[in-house]
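Presented as structure tokens, the chain that follows is alone, the form predicted on its own.
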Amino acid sequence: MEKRRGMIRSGETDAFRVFSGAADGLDGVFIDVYGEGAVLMVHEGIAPRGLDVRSAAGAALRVLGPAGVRAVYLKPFAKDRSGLGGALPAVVMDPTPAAGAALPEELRVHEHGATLEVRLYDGLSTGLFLDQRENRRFVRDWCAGLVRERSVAPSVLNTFAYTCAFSVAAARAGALATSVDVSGRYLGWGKRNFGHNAIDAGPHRFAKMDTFEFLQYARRKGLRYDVIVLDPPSFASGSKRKGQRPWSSVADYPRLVREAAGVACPGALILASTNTRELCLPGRLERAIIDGLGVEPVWVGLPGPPADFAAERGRMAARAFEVPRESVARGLPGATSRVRR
């Protein structure tokens, strides 16, 4: 907690990781703070056997209470969720916390001036991926730079948009955002996030579609984007009924990059990110990007990981690059590798 004092005093966010598993001496155990609430995550088969989670939650509340935390919720992660049949542990939907007083279903947290909605007992996720905080600021600042240069709103495509936090960051800078996700519920959450920031969602687009389906649609319609965000899940089962193929980041990331580049404006920026362990190995994400483009792009420097995630090496990889102006589809030679900062 002492390591987070500077972050708290700066006012840059009130949602952050305060305990980082093995990096803080207890493998498989993580604690995230979201304003008045906190979440204790325990990974089965990794966390110490016999860990008393109620006692751990109480200890966390005692330490975090002086910072304004009033409740600690528990999220246990099964070692193998395939046998659960899609069912979730009852505790992750229980409004009664493991320690402290019950909080409202909806909370609002703040991040670099944005207000975002989170729900601490709405399943295994909360509605906000904290490790992407600095990348969201990067997208906001990049879009603001485009607005200054062109005096027109840049177009942003946010794929696998979830609750649209990247879209909010772009829209706050004056961009027009298209958010794509298969879940209408999460897109509705995203629209609320626009409202929490006094942004009229009307001019922006929310597409309830599979990302690959949308990319094909956009290409047919001649839609082009100045900024594209790629942050897919590691796996997705797909749907035969809907004609959606199963997804694996390891196997399919190059195809995602290639199809995204097909709807990019010349010189557009793509932010590619992953939490897939194999792609987080040194150089693997870059290789997938180059394989997808067929050429090496102009790499763009990203900010380092947030301070509260800096000790968790190998948990996330992200690269930004400018789409080569040469026609990737024709396989023409690409730009030489260089970094723009």
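So that there is no doubt, residue numbering starts at 1 and follows the sequence shown. From a predicted model like this one, the values you see are computed outputs, not experimental measurements.
Just so you know, the form predicted together with a small molecule exists too; it's not on screen, but the next bit is about it.
Asks: Counting non-hydrogen atoms within 4.5 angstroms of the small molecule in the model of the complex, say which of Pro266, Pro233, Gly145, Pro104 makes the cut.
Replies: Of Pro266, Pro233, Gly145, Pro104, the residue with a heavy atom within 4.5 Å of the small molecule in the model of the complex is Pro233.
Asks: So which of Ala114, Leu120, Ala161, Ala98 gets a non-hydrogen atom within 4.5 Å of the small molecule in the model of the complex?
Replies: When the small molecule is considered in the model of the complex, the option within 4.5 Å is Ala161.
Asks: Does at least one non-hydrogen atom of Tyr217 fall within 4.5 angstroms of the small molecule in the model of the complex?
Replies: Contact with the small molecule, no.
Asks: Does any heavy atom of Tyr73 come within 4.5 Å of a heavy atom of the small molecule in the model of the complex?
Replies: Judged by the heavy-atom cut-off of 4.5 Å, Tyr73 is well away from the small molecule in the model of the complex.
Asks: How about Asp181: is it within 4.5 Å of the small molecule in the model of the complex, going by heavy atoms?
Replies: Asp181: contacts the small molecule in the model of the complex.
Asks: According to a 4.5 angstroms non-hydrogen atom cut-off, is Val250 in contact with the small molecule in the model of the complex?
Replies: No, Val250 sits far enough from the small molecule in the model of the complex that none of its heavy atoms falls within 4.5 Å.
Asks: Since the chain is shown here on its own, which stretch among 198-206, 183-191, 169-177, 145-153 would lie within 4.5 Å of the small molecule in the model of the complex, judged by heavy atoms?
Replies: Among the candidates, contact is made by 183-191.
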